[in-house]
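There is one chain below, alone, in structure tokens, taken in the form predicted on its own.
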């Protein structure tokens, strides 16, 4: 039986989780009241203990919160994206109100990410207003606005390899790769014939990006040849809300879905589906790997819970890769 730690957040429906890049036991969760359709939002900072999770700090926001990202430069700072079109900068050490609020997007901010490449300290946001914006670490004003998507921008992720490079996924069915310095789209991939809700970069190969779609498939793309995906992973029965590459294996990734499950895949093997975890009773929206604790996974769901667990299939996949 897989050991699972659970945090309950009554009347708050989880949209995103992210493990701290600095503190191994710490994570943040962005959640919304009334499934994010109306009402307020909450941002939770949680620490895992031997037996469960404890609340370190929480903040309320006047609109739903849909995504969260930790600063890659300051262990106390996080950014969240809101239903009111705002990005808020929060300080877990001492602030009762956000350090700064930036409101340039005209509609919901559905995605935020903090650059991981050395020497860069930038934030990217994606919005229902179809734009991608790049911000400095203080959210003083947007540095660049990237236009080109013809649908809602659901996902924006910095390349962990190439400075000033962003991938974005949209309701228009395309995956786009952007050069921030030139403020230009370098590649537009018609990746799915349905909305794409998530994308993520491989941590080991700068050319690999995964997409997760309303068509129930995860596709892995080699950006050097996008005529067809390197791998198409089938098994989910409803829309895929988020995809995440493992920080410990080049070919392992996870996906969570509106079918209430989290699935683990190894697209390098003949049987890519490693396992299906069914421990939620609602849409699973947030998903992350713990960078510090190998094979530990965090997720959150509309069932008002955050869960931490270590699927046996990841340990087994690591063992078989090593042998």
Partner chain sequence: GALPHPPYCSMMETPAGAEVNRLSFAEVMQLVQEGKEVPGVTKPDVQPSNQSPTPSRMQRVQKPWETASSFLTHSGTQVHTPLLKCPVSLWFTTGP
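Numbering follows the first chain given and starts at 1. Since the structure is predicted, the reported quantities are computational estimates derived from the model, not experimental observations.
There is another form of the same protein, the form predicted in complex with its partner chain; it is not shown, and what comes next is about it.
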Self-check item: residue 74: touches its partner chain in the model of the complex, heavy atom cutoff 4.5 angstroms
Solution: yes
Quiz item: Wondering, does residue 261 line up within 4.5 Å of its partner chain in the model of the complex on heavy atoms?
Solution: no
Quiz item: Is residue 178 close enough to its partner chain in the model of the complex to count, meaning some heavy atom within 4.5 Å?
Solution: yes
Quiz item: Taking 4.5 angstroms as the cut-off for heavy atoms, does residue 311 touch its partner chain in the model of the complex?
Solution: no
Practice problem: Would you mind picking out the stretch of 94-102, 210-218, 127-135, 142-150 that comes within 4.5 angstroms of its partner chain in the model of the complex, counting non-hydrogen atoms? | Solution: 94-102
Quiz prompt | Position in contact with its partner chain when the complex is considered in the model of the complex, options 237, 107, 206, 232, heavy atoms within 4.5 Å | solution = 206
Quiz prompt | Within 16-53, the residues that have a heavy atom no more than 4.5 Å from its partner chain in the model of the complex | solution = 21, 22, 23, 33, 34, 35, 37, 38, 39, 40, 44, 51, 52, 53
